[in-house]
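This document starts with one chain, in the form predicted alone, laid out as structure tokens.
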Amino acid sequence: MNPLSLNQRTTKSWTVAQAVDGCVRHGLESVGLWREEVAEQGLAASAKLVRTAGLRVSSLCRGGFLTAAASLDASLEDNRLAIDEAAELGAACLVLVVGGLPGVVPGRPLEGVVSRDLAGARERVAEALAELAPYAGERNVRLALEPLHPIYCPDRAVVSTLGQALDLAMMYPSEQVGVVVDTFHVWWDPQVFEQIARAGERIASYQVCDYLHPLPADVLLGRGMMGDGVIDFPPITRAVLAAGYTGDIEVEIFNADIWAADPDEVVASMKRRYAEVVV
């Protein structure tokens, strides 16, 4: 099995059909899909494209954003829909980015009513997960909690460490709730190796990209091709594999220059760097 997977966001300009075709042409066996592009292609059409190509869906991104108390019902409904989509696609997991402080909008200045109750936001994540995990289990979908680097705590994820994610996940059967190990988000954590070992079978997805320095003005786009930043990948990869992970390894990059480049060149570079830098 070739575990290298193209997360669709790395080649942002590609549709689902183009990403599937690109994976086949470049000899990849799996693809990570995003809900927006799946909706544009059509859910049934996307599932058929993947099956016909013989690809695995390494993940579906993304569900989550569970912290806004005023719209919790709408968020839960959207996440149930995302679970149904993951089931139709046969995705290995549905990635959950849990959400930031209520009232803080990603990429925008603070305005209006903003909550500073971090503990309360984290409690809402736990309450929402209690609603979603059984629903996912009934549909044979695995939720994958993704801790995000602390720079994203205000607006995207109040779960910042692998340890926090595991504390939430371990309330449920491992086939219902796991965690994402994303190098960009966890490389800095002094407990990362301890927590990877603790995670064991809970690791639902392993995602790689580099952490650029300095970060760009828009820190969301601070992910780089492996080898272009400061992360030492082999020890993390060894730890993930030693923990028992046997799934796909996704390359997920948010970077304006990479998005502007020729997608085929990006995938070719991704394959080289994976072999040279990651493993």
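Because the structure is predicted, anything quoted here is derived from the model rather than measured. Just count from 1 along the sequence shown to find any residue number.
Not pictured, yet referred to below: the form predicted in complex with another copy of the chain.
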Heavy atoms within 4.5 Å of another copy of the chain in the predicted complex: which stretch among 214 to 222, 53 to 61, 237 to 245, 250 to 258?
214 to 222
Answer with yes or no whether residue 227 is in contact with another copy of the chain in the predicted complex, where contact means some heavy atom within 4.5 Å.
yes
Counting only non-hydrogen atoms and a 4.5 angstroms cut-off, does residue 164 reach another copy of the chain in the predicted complex?
yes
Is residue 189 close enough to touch another copy of the chain in the predicted complex, meaning at least one heavy atom pair within 4.5 Å?
yes
Using heavy atoms and a 4.5 Å limit, would one call residue 154 a contact residue for another copy of the chain in the predicted complex?
yes
Look at the candidate spot formed by 12, 21 and 134 and say whether another copy of the chain comes within 4.5 Å of a heavy atom in all three of them in the predicted complex.
no
State the residue from 92, 101, 128, 168 whose non-hydrogen atoms include one within 4.5 Å of another copy of the chain in the predicted complex.
101
What residues of 260 to 279, in sequence order, lie within 4.5 Å of another copy of the chain in the predicted complex by heavy atom?
none
